[in-house]
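As structure tokens, one chain now follows by itself in the form predicted on its own.
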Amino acid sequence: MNKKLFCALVLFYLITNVCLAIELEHSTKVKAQWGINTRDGSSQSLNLILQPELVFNFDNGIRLTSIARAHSDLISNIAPGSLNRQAYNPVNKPLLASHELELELREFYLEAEWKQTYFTLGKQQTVWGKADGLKVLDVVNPQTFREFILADFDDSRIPQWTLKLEHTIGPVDLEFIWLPDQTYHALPEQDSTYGFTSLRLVPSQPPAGVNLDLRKLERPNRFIQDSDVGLRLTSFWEGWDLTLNYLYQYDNLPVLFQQFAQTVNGPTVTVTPQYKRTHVFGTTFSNAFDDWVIRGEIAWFSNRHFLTRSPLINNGVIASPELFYVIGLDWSAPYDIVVSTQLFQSWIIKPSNNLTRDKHDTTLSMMLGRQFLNDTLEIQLLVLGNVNDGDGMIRPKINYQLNDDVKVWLGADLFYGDSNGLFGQFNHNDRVLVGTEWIF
């Protein structure tokens, strides 16, 4: 029997034999979006999402949430089938009904309280960070990069089968998570619209006369030994919201080990993708001072891997601890304008002159927003720019709430910079977006 089906049947059996439902909440979200390439006027995406949600509230306080999703995109180079699916655990892999249509049990979890401990068991999202645009501590769940980082985090984050325990001791809230679900970042195929080409992320193509042998992704599959575990402490101290975080996980991005050798077919570079363990220590903080909010996240990764300029250098990668942090400053300006700025910095601790990125990497962001017409009309502008590579992304957007259930939007995703940069690799993918969302 399929493991996913077996888990769902066990949960359903426990629910129906322990308690009786007394209340049912239900809703369905329909979201459609059309993306038009600004360079040639072609359709870059034609996206439709149908997402029903059922919430069962039982008379003993237990709550069951179930969210399904049907996701379709008629443009082949950005459709669900353009995503490499090797990184999914079989019990978490969405069903690919066709190249254009994907069906998924998005979330399915039980919530209950016992002796002042709150339990959440099932397929769910775990959100630890709240930075805009890029993630620092929000690394518990992997994400899909089918559209790079353009999708909302709630949509791109991949929920995992998780046990979460929450307990309060005095002024401190404790959260423990156990994730036996070995699912990692879902990366786009190389020939898809948002396939990675930046030397920050993929090795350079071998020169003429040298063969490339790309091996199958080696992914962990032991239920207990390859689980991820984490602990978060949350407290409030003299106006500061504070957390301390720890996560023992496999890095969600595979390491691309490379080896050059002479074979019977001639000189060959063999690329072997593997996942490697890392310890993540982190903290978050925020405080409000009149019209200003200071916030930040700090993450220390004990073991990260970075690409070198040649497969002859240390098998194409160098391992090093990484310090990654973001400092944000938000201002509630006059005329109801909200200004949010952020400084992201990544430091590779182990020195090396052979990496495809700088040891110190800096990205700046700014978000402007204002609401009009009794908060039914909202104008936003998000700008992300990498200081080292001189590339970035500009995202203007206008949202209009037609009524309580329907909203429409008009926006754009614009890239600039050199093709070797994280953002500049997509400088031919500029697009205008028209979309709508209906909840009933």
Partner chain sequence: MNMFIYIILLSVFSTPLFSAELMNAEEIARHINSRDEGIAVSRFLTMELTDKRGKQRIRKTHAFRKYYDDEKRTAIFYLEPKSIKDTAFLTYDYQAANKDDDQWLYLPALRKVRRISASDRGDYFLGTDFTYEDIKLETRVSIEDYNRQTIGEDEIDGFHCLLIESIPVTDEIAAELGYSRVQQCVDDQIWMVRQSKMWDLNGNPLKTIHSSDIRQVQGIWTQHILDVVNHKTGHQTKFMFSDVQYDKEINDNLFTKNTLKRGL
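Numbering follows the first chain given and starts at 1. Remember, it's a predicted structure, so these values are computed and weren't measured experimentally.
Missing here is the form predicted in complex with its partner chain; even so, the following discussion is about that form.
- The candidate spot formed by 127, 154 and 293 lies fully in contact with its partner chain in the predicted bound form, as each residue has a heavy atom within 4.5 Å of it.
- A heavy atom within 4.5 Å of its partner chain in the predicted bound form is found for exactly one of 241, 218, 226, 189: 241.
- Note on the partner interface in the predicted bound form: the residue among 330, 147, 322, 181 having a heavy atom within 4.5 angstroms of its partner chain is 330.
- Of the stretches 26 to 34, 411 to 419, 39 to 47, 386 to 394, only 26 to 34 has residues with a heavy atom within 4.5 Å of its partner chain in the predicted bound form.
- Using a 4.5 angstroms limit between non-hydrogen atoms, residue 251 is distant from its partner chain in the predicted bound form.
- Taking the partner from the other structure, its partner chain in the predicted bound form has no heavy atom within 4.5 Å of any heavy atom of residue 59.
- Among heavy atoms of residue 305, none comes within 4.5 Å of its partner chain in the predicted bound form.
- Contact between residue 439 and its partner chain in the predicted bound form is found at the 4.5 Å heavy atom cutoff.
- Along 375 to 391, these residues reach a heavy atom to within 4.5 Å of its partner chain in the predicted bound form: 375, 376.
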